[in-house]
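Taking the form predicted alone, here's one chain by itself in structure tokens.
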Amino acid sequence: MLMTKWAGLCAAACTAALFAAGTAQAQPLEDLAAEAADGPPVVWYESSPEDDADKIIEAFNETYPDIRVQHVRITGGNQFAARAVQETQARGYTADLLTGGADHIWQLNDRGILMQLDGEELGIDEKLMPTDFTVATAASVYVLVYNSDNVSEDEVPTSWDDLLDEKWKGRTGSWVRAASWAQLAKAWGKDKAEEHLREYVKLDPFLFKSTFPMAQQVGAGEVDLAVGFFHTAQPPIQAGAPVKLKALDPTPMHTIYTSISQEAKNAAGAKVMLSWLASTEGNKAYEAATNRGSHLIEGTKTHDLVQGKNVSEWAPSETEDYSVISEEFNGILAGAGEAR
């Protein structure tokens, strides 16, 4: 009887302690949200079209209705980094929130532009933070994109070696940049990745300046099989085109990171939005709008896509090595002909 009573008291005490701990952990975000509501709009540099950005902001405002967000679309990593640097030099600050590739985010940090973040304060899982100045919020994942009318299920390559089959000669396509092979070099080593790329070029692939029109051409039946991105293949799929996807193992990809500028005009709002983007709720909303979620957050399509596969990607600290290989591989792929 005494043991039962003692167990009940312990359970109640533990529940109260957990509730208090949860309240204490949530409080900083509540305080930040209240502070952010009195500040200017959170200025966010990111590459999504404005229609997609509006959907993300609308979802964010369902949770934080009093925090205003101003999205500025900037495409191309070099433009993104250059603008942030120039603005900081000219006026002492740039956008509050900055989303981009590893090489450009690390450049900004090297210039002292980015804020050091406290993941525990913001409730961000440590696996999303390779360093204390950025958070992995999304990923662009390479997949095979194929026309299901022209390619039967038993024909679809199940390995990268299958992609080199002579039957794909004149029927396959790729982005003009050989970034997928450059990322594969991390898992395979440069020599194996280069050999595979040179064999692929012998198939006379069609090259495309963008993977969006490439996916559309697959849907139209002009190209039967292409090496593309999961997210850029979604528009023709959603439009009802006969397009299907296959992720191979290893799976090359690019992680996308989000950081806060050191001199953010609404630092509190930027912290709240970054915390939201790194949450399951926020990341699923971001993915629903852009088709790019974080492979590190369970519950996203991106996580499910690469589940059980070996992800192949150079670490941010190895960006220089990746860049050298990428440029060399671009030159090899260019031998396939002029890009469309």
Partner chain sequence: MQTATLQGRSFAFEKWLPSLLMLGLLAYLVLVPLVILLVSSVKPTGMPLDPGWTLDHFAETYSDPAFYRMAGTTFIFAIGSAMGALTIGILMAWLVERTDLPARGFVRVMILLPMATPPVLLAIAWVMLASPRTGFFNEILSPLMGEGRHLFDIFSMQGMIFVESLSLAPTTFLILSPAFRNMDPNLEEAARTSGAGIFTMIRRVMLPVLFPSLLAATGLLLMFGLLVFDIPGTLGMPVGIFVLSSQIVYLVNDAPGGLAEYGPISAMAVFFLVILLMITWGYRRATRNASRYVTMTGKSFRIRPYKLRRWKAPAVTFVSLYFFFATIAPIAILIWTSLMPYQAGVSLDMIPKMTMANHMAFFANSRAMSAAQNSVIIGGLAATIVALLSVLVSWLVIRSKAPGRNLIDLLSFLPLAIPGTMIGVALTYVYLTLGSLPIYGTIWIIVIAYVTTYIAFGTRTTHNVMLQLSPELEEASRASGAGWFRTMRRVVVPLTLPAIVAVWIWVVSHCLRELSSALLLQGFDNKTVPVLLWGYWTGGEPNKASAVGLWLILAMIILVSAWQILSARGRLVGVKA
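Small disclaimer: the values here were computed from a predicted structure and weren't measured. Residue numbers count along the first chain shown, from 1.
What follows is about the form predicted in complex with the partner chain, which we do not show.
- Checking F208, Y200, F133, F230 for any heavy atom within 4.5 Å of the partner chain in the predicted bound form turns up a single hit: F208.
- For the options S152, Q116, S159, T75, the one in contact with the partner chain in the predicted bound form, meaning a heavy atom within 4.5 Å, is T75.
- Among residues of the shown chain, R171 is one whose heavy atoms approach the partner chain to within 4.5 Å in the predicted bound form.
- Under a 4.5 angstroms non-hydrogen atom cutoff, the partner chain in the predicted bound form has H71 among its neighbouring residues.
- Contact between E121 and the partner chain in the predicted bound form is not found at the 4.5 Å heavy atom cutoff.
- In the predicted bound form, no heavy atom of S148 sits within 4.5 Å of the partner chain.
- Note that among 200-208, 125-133, 257-265, 187-195, the stretch whose heavy atoms approach the partner chain to within 4.5 Å in the predicted bound form is 200-208.
- Within 4.5 Å of the partner chain in the predicted bound form, a heavy atom is found for not a single one of K246, K301 and S312.
- Applying a 4.5 Å heavy atom cutoff to the partner chain in the predicted bound form picks out P235, P236, A239, G240, A241, P242 from 227-266, in order along the sequence.
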